[in-house]
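Read the single chain below, which is given as structure tokens and is the form predicted alone.
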Amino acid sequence: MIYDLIIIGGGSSGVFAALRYKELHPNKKFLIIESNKTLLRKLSVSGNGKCNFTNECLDYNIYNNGDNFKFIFNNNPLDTILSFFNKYNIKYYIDEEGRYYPYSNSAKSIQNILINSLDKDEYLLDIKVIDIKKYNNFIIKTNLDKTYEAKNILVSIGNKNYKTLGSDGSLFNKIKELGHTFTDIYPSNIYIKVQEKNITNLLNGLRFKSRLYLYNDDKLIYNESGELLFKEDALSGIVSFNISSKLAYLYKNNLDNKPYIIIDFINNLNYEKLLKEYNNSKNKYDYLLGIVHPSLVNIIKNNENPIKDLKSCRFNISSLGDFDHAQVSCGGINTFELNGLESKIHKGLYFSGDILDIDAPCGGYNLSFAFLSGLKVGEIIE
């Protein structure tokens, strides 16, 4: 059989592409080939299982390299996603920060509904693609020594993050053999390793409502407030993950990187007022205890100006965390080799989702792009 479309990768982008293609071309044959034992494996664990699937502030400017994918965000992208969910009777709600979740608070609800919308002969599970060749059509070889032929193929295999969930970059070399190249790839939305282990070890496991400032060569790049979590040798938590997105983009673009982070542990308190009160206090140790956690007090209590240290504590960056724990990857298929989402090298070869050179901070943005790019491919393939 020659399929009209074969989708390599049954994650969010691949499944959304399949469902839109099925809707528009009910008489055409398509097949999803997925290496996991179920479709939408990564989606099922997103958002700690709750699935923050989109955001009310959906705009290409939020994304690293978003300028090259403006066309994905035309015609109200939020409405596009919500209309798709409405079509499958998936109820949802929006929280106070503009993040959308399924009403069930379970990513598995979305996973099951979408899988049930596909016929059993429209996808194969637990099968790994090991080669792709282009002749008149595309020939796809699997690890079971079986081949499949298609007029069009969509590669939506994810990137290098979450190896345990099937995204490991193992097919990248075969994509390169087809003539495509990749920009440098870094883990993103991940903890940030720092040099000051003497401090992070003492604060390990503690959380602080803080504001973080990312500097590169003494130039302010980005800042954000939120919950910061200390690990033994790293800064973690959502605010750190979002900082890591900007940091990964610096590394990817080969800038002269001398990055560091300044932490304001008491962002909502006035420095001058605190300093005056501290200098006038009879028991300075107790005064500090009234502001921050005792473990942090014990680190700064003997410093010349502990209040200044609480407002501007510097951490020098060693590296980003590893790919196995990263939520997304920064970098991917070189945008200059694409006409929209189709290869300029091989007509009928498409890419969508995480494999593309675009990423964003936490908040449902990366899933949104996976959805939108999948839907777009499902619409443009004949």
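Model, not experiment: these values are computed from the prediction. Note that residue numbering follows the sequence shown and begins at 1.
If you look for the form predicted in complex with a small molecule, you will not find it shown, but the lines that follow are about it.
Novice: So in the predicted bound form, does residue 244 come within 4.5 Å of the small molecule, heavy atom to heavy atom?
Specialist: Residue-level check for residue 244: no, no contact with the small molecule.
Novice: Is residue 5 near the small molecule? Define near as a heavy atom within 4.5 Å, in the predicted bound form.
Specialist: Residue 5: no, not in contact with the small molecule in the predicted bound form.
Novice: How about residue 129 - does it come within 4.5 Å of the small molecule in the predicted bound form, if we only consider non-hydrogen atoms?
Specialist: Yes.
Novice: Report yes if any heavy atom of residue 154 sits within 4.5 Å of a heavy atom of the small molecule in the predicted bound form; otherwise report no.
Specialist: No.
Novice: Residues in which of 40-48, 335-343, 22-30, 310-318 have heavy atoms within 4.5 Å of the small molecule in the predicted bound form?
Specialist: Stretch 40-48 is the one.
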